[in-house]
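First, one chain by itself in structure tokens, the form predicted alone.
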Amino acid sequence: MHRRSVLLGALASSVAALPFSRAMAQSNTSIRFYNYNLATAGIGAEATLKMLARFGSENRSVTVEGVGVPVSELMGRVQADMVAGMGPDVAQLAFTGLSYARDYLGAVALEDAVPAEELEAHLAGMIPNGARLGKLDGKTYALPYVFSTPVLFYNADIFRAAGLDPDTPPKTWEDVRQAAETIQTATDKTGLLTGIFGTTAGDWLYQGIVRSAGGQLMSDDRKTLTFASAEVIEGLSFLRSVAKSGAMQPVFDTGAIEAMASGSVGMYLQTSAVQNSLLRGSAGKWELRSASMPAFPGHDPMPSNSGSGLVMMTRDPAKQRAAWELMKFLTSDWAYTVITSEIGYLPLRPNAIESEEFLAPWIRENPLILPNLDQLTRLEPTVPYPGPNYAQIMQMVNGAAELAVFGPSDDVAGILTEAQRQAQSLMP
């Protein structure tokens, strides 16, 4: 039997009626929570455990089993455990897998489970551009949780050594190219690294590159791939020229983070989630600063979002109530104070940003977050590919883009066009 049939068949008996239980406090309820921050070593796991501990102390009738699963294994683990009848009740899923979670894993739309007034009240307290990230076809399948936008981190000491003004950071990709080439020429440091490519990059930052260049990955009806458009070809051709000059190096993933933290790189375009790692690396050694995502000529920068949302997977009414209480708590003013100050992700609640009780004092002391906050006003949601082959399509698109920028051939148009033809055959 097809995997989708197996999974949806397992859910069939509970799909028919979904009354939202208000009886959680009458008896103990246990829920399983799959979380990729718990699978990391350090600040992500520590902050998550801190939040779960406080939730437990304030919600004695709910027991949360936090299960750490690496993000690269999460969707497969959810599938396998659901078939075995032991899937999660709530899962922290990357936005790129949201369409698959809805169509093949039975993710519950919050509008179909949570009383309208409760959902409306909670979403009303969130930044609108953030609240819409978890929507598909008008319904909320993920409550936006931890995410960020692309931030251009830079080493102010290297800027000074190269004769550049750290008080006027690059605003356009042409500014970035000039600054990177100057750094390469005037110092022994690397001009530019990015988190656009690499085995752990996903496609969220690349989607921002595509949108900032004036293109889009697929048609609005999500049926036709369009990433080989003239706009995208022009944008990647520009990045290829920077790479060919030697000012942008093909160093990715943890190697790039470690190089930036060590003080050997002038600029690094990456998620704000690496901010605390860079702060630890720079402390007492060099000055870390940040700026917004650069713009391509003739276009405004359109930053996309990394990260994940909280997805309700359970069909049991009592567990749904417990899951919703957990989801609300993890996206509360207090939780975002922990998430932002201790991990580095964006806060999605204006009250948490502005209140002296929560983040306002921390933001004054940590201005590195300001470009990330500013970009919330023009955020472009990451678009999930449709169908069961979404991960293969993403890998094909990302691989072609990386080859176009760093590969041996200058035929950027040919590389993207052929990849688009092959990837289209994997679309539903």
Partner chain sequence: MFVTALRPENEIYSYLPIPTAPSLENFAIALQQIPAVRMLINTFAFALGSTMASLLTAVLAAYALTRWRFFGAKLAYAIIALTWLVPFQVVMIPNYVLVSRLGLIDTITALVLPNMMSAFAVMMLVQSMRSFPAEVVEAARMDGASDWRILWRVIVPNLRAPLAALAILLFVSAWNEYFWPLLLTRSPETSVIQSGIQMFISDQGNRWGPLMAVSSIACLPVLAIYIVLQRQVIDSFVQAGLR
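Just so you know, these numbers come straight off a predicted model, no measurement behind them. Positions refer to the first chain, counted from 1.
Quick note: we don't show the form predicted in complex with its partner chain, though the next part is all about it.
Asker: Counting any heavy atom within 4.5 Å as contact, can you tell me which stretch out of 327 to 335, 292 to 300, 279 to 287, 102 to 110 lines its partner chain in the predicted complex?
Answerer: Among the listed stretches, the partner-contacting one is 279 to 287.
Asker: Which of these residues, A261, V90, L133, V114, gets a heavy atom within 4.5 Å of its partner chain in the predicted complex?
Answerer: Going through each option in turn, the one that passes is A261.
Asker: Given that its partner chain is left out here, which of V251, I233, L119, I257 has a heavy atom within 4.5 Å of it in the predicted complex?
Answerer: Contact residue from the list: I257.
Asker: Kindly confirm or deny that R77, A84 and T200 each have some heavy atom within 4.5 angstroms of its partner chain in the predicted complex.
Answerer: Result yes, every residue of the spot touches its partner chain.
Asker: Report yes if any heavy atom of A156 sits within 4.5 Å of a heavy atom of its partner chain in the predicted complex; otherwise report no.
Answerer: Contact with its partner chain, no.
Asker: Closest heavy atom of N59 to its partner chain in the predicted complex, within 4.5 Å or not?
Answerer: Taking the distances in the predicted complex, the answer for N59 is no, it never comes within 4.5 Å of its partner chain.
Asker: May I ask you to check whether D374 falls inside a 4.5 Å heavy atom distance of its partner chain in the predicted complex?
Answerer: Judged by the heavy-atom cut-off of 4.5 Å, D374 is well away from its partner chain in the predicted complex.
Asker: Taking any heavy atom pair closer than or equal to 4.5 Å as contact, tell me whether E73 reaches its partner chain in the predicted complex.
Answerer: Contact check for E73: yes, within 4.5 Å of its partner chain in the predicted complex.
Asker: Using a 4.5 Å cut-off on heavy atoms, which residues of 40 to 73 contact its partner chain in the predicted complex?
Answerer: Residues within 4.5 Å: T40, A41, G42, E46, E65, G66, V67, G68, P70, V71, E73.
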